[in-house]
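This document starts with one chain, in the form predicted on its own, laid out as structure tokens.
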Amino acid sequence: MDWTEIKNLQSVLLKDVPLLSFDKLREQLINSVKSGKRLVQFFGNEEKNEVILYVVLADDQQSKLYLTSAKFKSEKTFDSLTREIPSARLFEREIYEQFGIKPEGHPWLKPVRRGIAGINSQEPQYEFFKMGGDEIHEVGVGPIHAGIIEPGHFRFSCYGENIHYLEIELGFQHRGVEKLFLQKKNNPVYLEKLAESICGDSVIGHASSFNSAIESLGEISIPRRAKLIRAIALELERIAVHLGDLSALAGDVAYLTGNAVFGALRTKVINTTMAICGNRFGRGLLSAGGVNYDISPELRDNILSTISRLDDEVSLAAEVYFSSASVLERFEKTGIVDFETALEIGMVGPAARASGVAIDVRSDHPFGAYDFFPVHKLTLKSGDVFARAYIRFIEIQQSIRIINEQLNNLTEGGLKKNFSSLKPNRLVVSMTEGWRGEIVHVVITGAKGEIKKVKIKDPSFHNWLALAIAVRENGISDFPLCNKSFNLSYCGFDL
């Protein structure tokens, strides 16, 4: 293949990225995915009067990434990949939306994010899927929701109480995050704060991915102690949100004891993160070059004591939770996404693992402290609400073990390394396993080492379609339960 082979966080000179005709790229990409590789990124970057389309593939079994590109000058179309590679569907729609290069033959070319200034700024009315028949009715929910939920529109096509089809319209709060990285590209504090703000419930995940990319481009290796503190914070974030989700799922099925207990346990975890850095969500902890806060011996002992009690309390609560007949009645065989579908549409994270897809960046493409110890991929097979709930419980247990082991092996050393500049004309792919799944930041530098492009992919980019598939042939009253079992991000999608 005409591809450059790299590893996670291995930067490469732009001149070493192959430049193919799109027809050749398309043929090789289809063959690669059919042979077991996975589409990780597919995006455009405008350079002078040309658009370069970059493609990143993953060979998860071999811990390898493959990178190639194609150049578009005056061409305004290319043959869509989506029918052969369904996981390309949103990537192609995004390329069309941003650069006006149309994927001919795309099964349904719709907006990805509303209100983007650019080629399609004169935005037509969004066209929803329509079903015929006198007994079919539609139910619209959103985009404005109760409480503090972010905007998104759900359009159900139903026969009675049964959902035949759900379409999800997002993009109402496009913030231009990727362009904001270019506005103050020489201000490291601004960049770090912006990375933390991509998705508010994944502060450590996104900050870790961006700062790791910058460190790779600066050719520095941060201190081992800093890597361990980052990993501990990432696992605390995973535990906290998983506990919050178990609490919310309990509330959705009126199991109020579980709702209260798991919610209270979540508070203990986010307060532990606050004890490390002064913020319950981990803001301010990470910076390019390492971390800003240490874990003292006294704090270490307190965290060990907290997670030891947490392990017992979570296990007891989960034992009661997952043996409750009323909970199982609602969870089991509800909102199923089977293995083949999950694989085909490119699902990631716990939702994918609950459908039997064994992918986890910590294991497949290790980063930071995960280079030092193995993380076993945990999977279930049923792909229903029960599996997506139970996978959270066993991942909480795994994260507690990781934190315990790393706190007991917290090496002495510095917290941060300073560096002055990024290497010019380079590209790096930075992958992190956030609590929702695979977070990917691609960063490209220019001739003076300045940041020229930041391309972000939150796990929700892949998994919103999985939610739409999960609710088919379920009762409409099961939608809140299915929705919470994924707990996807609006802002992580609406970049």
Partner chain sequence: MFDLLKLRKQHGYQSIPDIRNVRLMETHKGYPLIDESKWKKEYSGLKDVCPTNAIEFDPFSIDMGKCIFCGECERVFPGVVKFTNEHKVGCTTRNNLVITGSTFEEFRETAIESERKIHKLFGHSLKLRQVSAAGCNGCEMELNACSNVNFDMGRFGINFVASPRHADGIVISGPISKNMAPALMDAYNSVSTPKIVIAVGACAISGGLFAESAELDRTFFNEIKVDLFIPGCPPHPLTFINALLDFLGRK
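Positions refer to the first chain, counted from 1. Computed from a predicted model, the values in this text were never measured in an experiment.
One more form of this protein, predicted together with its partner chain, exists but is not displayed; see below.
Interface residue among 409, 421, 308, 292, judged by heavy atoms within 4.5 Å of its partner chain in the predicted bound form: 292. When its partner chain is considered in the predicted bound form, only one residue from 220, 358, 394, 274 comes within 4.5 Å through any heavy atom, namely 274.
Stretch 317-325 is the contacting one of 94-102, 368-376, 395-403, 317-325, since its residues have non-hydrogen atoms within 4.5 Å of its partner chain in the predicted bound form. Heavy atoms of residue 150 reach within 4.5 Å of its partner chain in the predicted bound form, making it an interface residue. Using a 4.5 Å cutoff between non-hydrogen atoms, residue 110 does not count as a contact of its partner chain in the predicted bound form. Contact check for residue 75: no non-hydrogen atom falls within 4.5 Å of its partner chain in the predicted bound form. Proximity of residue 257 to its partner chain in the predicted bound form: non-hydrogen atoms within 4.5 Å are present. In the predicted bound form, its partner chain lies within 4.5 angstroms of at least one heavy atom of each of the following residues of 193-216: 193, 194, 197, 199, 200, 201, in sequence order.
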